[in-house]
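Read the single chain below, which is given as C-alpha cells and is the form predicted alone.
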C-alpha cells in the first residue's frame, strides 16, 4: 500500500511540469494543426525569466511566477504574430510549419545562450517546511507547486470546455470557415490561445527549474515526452493530455522506485510506441 501511495504522490509531483506543458502544447496543436517544436523553448524561457526576476531582480520565488509566465505568454504570441501567422497566410503546409518550428527552436535556444551563456542557473527556493502525508514525506514547496499546477490545469480545462471562449476555440479548430461566418475573429482567438499556451509552458519551466538547475536545454529535453503525451492523450484533447501526463508520471515513479530511472524511461517509451501501434489502424 505504501508503494502505491509513494508512486502516486511522487508521480503526480514529477508530472506537474509535464501536465502544464502537455496542456499548452495540445492547445496550439488543436487550433493550428501542427506540432510546434518551438514550444519547448517556452519552457526554457519561463525558467530563465523567473530566474532573472527571482535572482537578479530580487523578487521572491512566488512573486516571480506570474510575471515570468506572462512574459513567456507574450513571447509565444510574438512567435505566432511574426513567424507562424505570416507563414500560414502564405499557404505554408503543416509539415513545413513543423520544420519551421524546429528552426525557430534553434534560433531561440542559441539566441538565449548568446545572451546569458550556457552555464546552469538556478532559482532561489523560498523557506521550506517538511510535511508527512499518508506516510510520504514532502516539502511545503512541493505541496504548493502541486496546488498551483492543478489550479491552472482546472481553470484551463474549465476555460476550454465550459465558457464561450472555449466554444470559439473549438469552433475555430473544427471548422475555421464556418467559425468566421459565425462572427468569430480567428486572429484575436489565436492570440489568446498562444498567450495561454505560452504561459503554461512558462509555468512548466518554472516548476521544472525550481526543483533542479535551469539550463538552455531543459525545454528541448522535455518537448519529446510532451509531444508523445499529447498524442497519447488524444490530439487536441486538453483533458486527455492531463490524464496522460498524470499516468505517465505515476508509471515512471513506480518503476523508478523498484529499479533505475533509465529503465522507467525505456518502459515509458515502449508503452507509448505500443499504444500508438495499437491505435494506428483506427487513425488510418
Partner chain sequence: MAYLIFSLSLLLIYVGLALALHVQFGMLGIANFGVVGFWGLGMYAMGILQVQLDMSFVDALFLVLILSVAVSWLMGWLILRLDPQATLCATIAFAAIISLLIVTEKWVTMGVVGLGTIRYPFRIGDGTEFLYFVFLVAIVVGLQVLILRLHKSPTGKLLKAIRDNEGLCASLGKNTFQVKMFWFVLASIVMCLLGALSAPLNQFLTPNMMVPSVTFAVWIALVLGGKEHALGAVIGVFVTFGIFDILIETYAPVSPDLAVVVPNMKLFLYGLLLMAVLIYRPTGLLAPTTPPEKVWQELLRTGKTAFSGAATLTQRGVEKTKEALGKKSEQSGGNDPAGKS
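Positions refer to the first chain, counted from 1. What you are looking at is a predicted structure, and each value in this text was computed from that prediction instead of being measured. Just so we're on the same page, rigid core means the largest C-alpha set that superposes within 1.5 Å between forms.
One more form of this protein should be noted, the form predicted in complex with the partner chain, which is absent from this view; the next part is about it.
A single residue from the set 83, 121, 184, 191 has any heavy atom within 4.5 angstroms of the partner chain in the model of the complex; that residue is 83. Between the options 148, 100, 116, 173, the residue in contact with the partner chain in the model of the complex by a heavy atom within 4.5 angstroms is 100.
Taking non-hydrogen atoms only, residue 106 approaches the partner chain to within 4.5 angstroms in the model of the complex. The partner chain in the model of the complex comes within 4.5 Å of a heavy atom belonging to residue 33.
In the model of the complex, the partner chain lies within 4.5 Å of some heavy atom of residue 37. For the chain shown alone, residue 3 is not a contact residue for the partner chain in the model of the complex, no non-hydrogen atom being within 4.5 angstroms. Annotated contact segment (heavy atom within 4.5 Å of the partner chain in the model of the complex): 91-99, selected among 91-99, 138-146, 192-200, 153-161.
Applying a 4.5 Å heavy atom cutoff to the partner chain in the model of the complex picks out 260, 262, 263, 265, 266 from 242-267, in order along the sequence. Residue 271 shows a C-alpha shift of 2 Å or greater between this form and the one not shown [criterion: core-superposed Cα displacement of 2 Å].
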